[in-house]
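Given next, in structure tokens, is a single chain: the form predicted alone.
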Amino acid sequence: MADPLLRLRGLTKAYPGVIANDDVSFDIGTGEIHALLGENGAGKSTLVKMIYGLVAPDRGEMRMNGAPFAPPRPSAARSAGVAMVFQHFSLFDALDVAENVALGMEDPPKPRDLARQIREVSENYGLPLDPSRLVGTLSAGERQRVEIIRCLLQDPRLLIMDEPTSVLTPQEVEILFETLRKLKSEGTSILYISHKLEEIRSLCDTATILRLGKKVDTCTPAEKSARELAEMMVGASFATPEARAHDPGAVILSVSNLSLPAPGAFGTPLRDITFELRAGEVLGLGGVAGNGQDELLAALSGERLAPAGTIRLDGQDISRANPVARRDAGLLSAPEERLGHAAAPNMSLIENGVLTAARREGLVSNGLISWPKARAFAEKVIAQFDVRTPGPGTAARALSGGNLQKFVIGREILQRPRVLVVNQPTWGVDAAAAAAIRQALLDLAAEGAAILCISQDLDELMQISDRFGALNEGRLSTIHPVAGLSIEKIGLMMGGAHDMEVAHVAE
């Protein structure tokens, strides 16, 4: 390995009731792409926060190019050459690209000079951007480019990337990888966090594996299979999700000509959405982020009532029904945004269980919550979906993203829905947990429920879906059986190609 750019020795960080990092030591070489792997709650986020100056270690030391490195704040880390692209973008829709880039710089140049630099750097690294474009008009992939270019303008020595491909199409992933390999060839080191293990195998030189806060192994990813990497992360083998042979039953959910205006200046309108969903079927809907996924879930769940079109559940028109009435009828949903939408951050898991399961699980009687029943329901979700938490009284915001996701999905599945609409069911979840969630969805379908799975993870959709469609600018493509679909055909569907073009590729 090249001489270490960053050396970590004995890093330890504890919070009340949990040791997030326990004596972690490893090196990141100059010009190396280094993967950081681990289950949700393994300590990855805490570790990169220490490197980026967001938290201070309790013990241990870091050295950058041989010199002590202990940034008290992110600005100090950036001054030392550390940049970070976060999983959640920190951009303002109403500002243009150049203005957003300037907000992330300590001493931004004059607007004209900054615009020139953005054009030059973005074109040089194969990520072209127009500095004058409003961020609200950009796709998810283009927004990520803004975050990356903002980092590259700082000329970083270490670039930290957290789940960078979760919002990208397969074509955009290849462009990103070309950029990262170019940075590597120029001597930039990259610390790469992802749950997509095939990406790790093709891109990364070295992988450090964390488990329960400890470093358990270091390996060369290309020399391991994705399954071996996953089992190193969890410390045990796990089953690959398997669908049972079945024939879909009667139509449960029927959506006809559903149209909905955009929720705001930067939202996406739904345009004449029509599909049917049968008992025992998993219908997968793909698409690049921002093409109507959130709006479709809101229209189906009743959060927004569509002025045009019809939604029927078991033959009953529920188009004007509110979310509570739709839940009573058996249409349940789990939105993409965990904190603030799927779960109330400051409420406990017990209380978050009550929020959606009060009526279906009989947790409320005569207007009063039965706290023993509510606790028992939360404990059941925690146990059956392996939610890593000190207990059901823990606030939702205290859980790692993956563990909160397991709770949210489990909370809905255990209510035995007739129809479950789920957006990004395994987003940010490690391989073992993702396999468990997908198997739970397949088991639910095997019991006769109908599932609409909206996801940007094409591997996931191909693994669990019976049929596949794609959303593009609020329009739904023709739906095809998954069997026989190629990546090229899927790419055309996601890009909004007409049926004639898709059919031509199929031939």
Partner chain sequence: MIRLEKRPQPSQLWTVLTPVLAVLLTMLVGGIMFAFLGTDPLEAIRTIFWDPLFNPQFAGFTRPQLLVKAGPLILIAIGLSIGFRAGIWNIGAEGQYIMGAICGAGAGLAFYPADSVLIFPLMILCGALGGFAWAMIPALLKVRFGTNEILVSLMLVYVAENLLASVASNLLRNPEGMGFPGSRNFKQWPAAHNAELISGTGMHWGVAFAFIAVILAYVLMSRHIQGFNIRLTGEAPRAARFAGVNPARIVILCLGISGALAGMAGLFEVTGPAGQISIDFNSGYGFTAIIVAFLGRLHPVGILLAGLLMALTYIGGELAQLMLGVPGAAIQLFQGMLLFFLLATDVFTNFRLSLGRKEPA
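The shown structure was predicted, so the numbers you read here are calculated from the model rather than taken from an experiment. Numbering follows the first chain given and starts at 1.
As for the form predicted together with its partner chain, it is not shown, yet the points below apply to it.
K.L.:
Can you work out whether its partner chain is within 4.5 angstroms of a heavy atom in all three of 345, 364 and 369 in the predicted complex?
P.N.:
Each of the three qualifies.
K.L.:
Can you tell me which of 390 to 398, 247 to 255, 276 to 284, 151 to 159 lies within 4.5 Å of its partner chain in the predicted complex, counting heavy atoms only?
P.N.:
It is the stretch 390 to 398.
K.L.:
Taking its partner chain in the predicted complex as the reference, which of 199, 379, 172, 351 has a non-hydrogen atom within 4.5 Å?
P.N.:
Contact check passes for 351.
K.L.:
Of the options 215, 195, 145, 411, which one has a non-hydrogen atom that comes within 4.5 Å of its partner chain in the predicted complex?
P.N.:
By the 4.5 Å heavy-atom cutoff, the listed residue in contact is 411.
K.L.:
Would residue 435 count as a contact of its partner chain in the predicted complex, using a 4.5 angstroms cut-off between non-hydrogen atoms?
P.N.:
No - in the predicted complex, heavy atoms of residue 435 and its partner chain never come within 4.5 Å of each other.
K.L.:
Decide whether residue 341 counts as a contact residue for its partner chain in the predicted complex under a heavy atom distance cut-off of 4.5 Å.
P.N.:
Result yes; residue 341 sits at the interface with its partner chain in the predicted complex.
K.L.:
Would you please decide whether residue 323 lies within 4.5 angstroms of its partner chain in the predicted complex, comparing each non-hydrogen atom pair?
P.N.:
Flag for residue 323 set to yes.
K.L.:
If we define contact as a non-hydrogen atom of the residue within 4.5 angstroms of the partner, is residue 267 a contact of its partner chain in the predicted complex?
P.N.:
Residue 267 lies outside the contact set for its partner chain.
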